[in-house]
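The form predicted on its own is given below as one chain in structure tokens.
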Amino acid sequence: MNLPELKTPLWGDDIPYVAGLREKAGRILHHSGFPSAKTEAWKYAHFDISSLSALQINTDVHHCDHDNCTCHRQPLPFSCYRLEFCDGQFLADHSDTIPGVYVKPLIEALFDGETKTYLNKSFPIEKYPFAALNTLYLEQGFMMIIERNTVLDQPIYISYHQSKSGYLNNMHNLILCESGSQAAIIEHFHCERANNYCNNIVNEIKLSAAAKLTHYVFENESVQSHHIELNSIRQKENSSYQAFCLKKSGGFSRHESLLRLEQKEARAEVNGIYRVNGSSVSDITTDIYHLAPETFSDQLVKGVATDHGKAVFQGKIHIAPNAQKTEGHQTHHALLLSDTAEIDSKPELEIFADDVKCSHGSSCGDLDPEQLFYMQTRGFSQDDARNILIQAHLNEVLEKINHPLIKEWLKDQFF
């Protein structure tokens, strides 16, 4: 891949710390390159990386001069605090102040040296080439600290709006949940036009002792888009992380989660639903490391593939030798509704402890013809019957959402 040339320099090249991060990322990309069909972690959902070569980095100052600017806020059926991105840029001036939460644009946190303890510390960057690409163009994103014992009364809604074609957007967010804090975050990626662009996102999340975070990701993007997201989560004692990834539309999408349960009684749930049609590709990849005793993880992913769509599920649970009395479970169920669609599933367990409860399961098949026939005898058309059964198949994941208004909004948006 020929890397994009910058029309104007990125901010921070004169700061040794920032320049060093970018230089290291450039060396990694030069040495390792981008994944191909021979790369184990990407062999089921690789793409022609040259398709991104024509994209540019948006270094222009944001102006609200187009009709669909994220600054023109769309109403939501629930109260929330808003953070706004438009065309890959974080708009602090258009974002809300959140009580008990410290939010600062990433470039300011870099300048003040506040990121040194956290940035690129939660994952081995050598194994994540798109995270290295993200660091090479490091500039956009935010640093968020949810202060000790803060319990937010409404979710933080993060809008990523894309109004233009031709951009490679690299966004890096640091989210630090201090001890005893409780919050919910909704990431909403949306685009009203068939724009060609790539969102390359890295979220580094740290949950201190007894912190609780619910994390929703809703992708509703252009059929010509690429979406590559790495969520790297570190959890301390008695913390809780619950995630929901909903993939409605897009071109190529890879949602990757790396979780490290580092102390006793850390809990994680990573759930997802997807629909792939046309020639879209959806990849959900998860690595969960149980590194301490009495930790718990559970994963449920359900999906539907039609037309020439392709879906990939890769889930791995690692149980360290000292992680006794640990539970780890993962399940993937998919509907394959076309002879030309494809679903690849790769669940894995690596267990090095004796006293554990672990399981994984995966299934793939068509709709039950008897159920279809029964519904048609009750007056439903074949299309209506199929849609109802598909929705019932996916609803099991959505029913895990505890916030009723968010649940109904996501159902209305997804179906």
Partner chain sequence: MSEYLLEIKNLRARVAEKEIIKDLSLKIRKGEVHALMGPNGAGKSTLSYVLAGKSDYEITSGSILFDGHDLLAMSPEERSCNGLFLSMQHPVAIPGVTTANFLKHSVNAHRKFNGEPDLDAAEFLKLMRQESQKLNIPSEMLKRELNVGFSGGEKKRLEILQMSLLKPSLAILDEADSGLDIDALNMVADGVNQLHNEHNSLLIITHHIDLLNRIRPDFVHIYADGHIVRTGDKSLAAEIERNGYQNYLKGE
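Fair warning: this is a prediction, and the values are worked out from it, not measured in the lab. Positions refer to the first chain, counted from 1.
Quick note: we don't show the form predicted together with its partner chain, though the next part is all about it.
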## Note on the structure
None of I351, I57, M375, L29 but one has a heavy atom within 4.5 Å of its partner chain in the predicted complex; the exception is M375
### Message
So its partner chain isn't shown here. In the predicted complex, which residue out of S50, S363, S359, Q382 has a non-hydrogen atom within 4.5 Å of it?
### Response
Q382
### Triple contact flag Q371, I388 and A392 to its partner chain in the predicted complex, non-hydrogen atom at 4.5 angstroms
yes
